[in-house]
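Read the single chain below, which is given as structure tokens and is the form predicted alone.
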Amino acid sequence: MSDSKNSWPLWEVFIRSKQGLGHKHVGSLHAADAEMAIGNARDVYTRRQEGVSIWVVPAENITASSPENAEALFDPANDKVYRHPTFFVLPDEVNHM
């Protein structure tokens, strides 16, 4: 095999559990391709058969914001109070919302 494990790309793994509606990041692994990444993710992260869906994403394709930029990125939303549920008055008949 000409490819060594050290040259395989890094994949981020997301699993959707039987109880969940969304996928959650569970970890990372190295694999030669997407098919191998899914198989390895199944073996490593769903040993108790808790998953119903696996996503693998090449780590190099993920772009993230920086915590240092959080104020500038999220601050404009604070000016829109109508987006917060506290802006609306709920009728007494509505419980546990």
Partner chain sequence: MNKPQHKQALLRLGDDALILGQRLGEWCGHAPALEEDIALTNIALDLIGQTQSYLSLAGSLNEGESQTDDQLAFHRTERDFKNLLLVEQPNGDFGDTIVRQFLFDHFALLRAEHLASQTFDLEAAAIAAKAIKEIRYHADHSSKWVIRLGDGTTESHERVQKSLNELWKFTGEMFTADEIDVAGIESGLLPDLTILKTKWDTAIDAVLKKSTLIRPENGWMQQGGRKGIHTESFGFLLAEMQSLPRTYPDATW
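None of these values were measured; they are calculated from a predicted model. Positions refer to the first chain, counted from 1.
Omitted from view is the form predicted in complex with its partner chain, to which the following refers.
Site annotation in the predicted bound form: the residue of 44, 59, 72, 52 reaching within 4.5 Å of its partner chain with a heavy atom is 44. Of the heavy atoms in residue 36, some are within 4.5 Å of its partner chain in the predicted bound form. Remark: residue 29 counts among the residues lining its partner chain in the predicted bound form, judged by a heavy atom distance of 4.5 Å or less.
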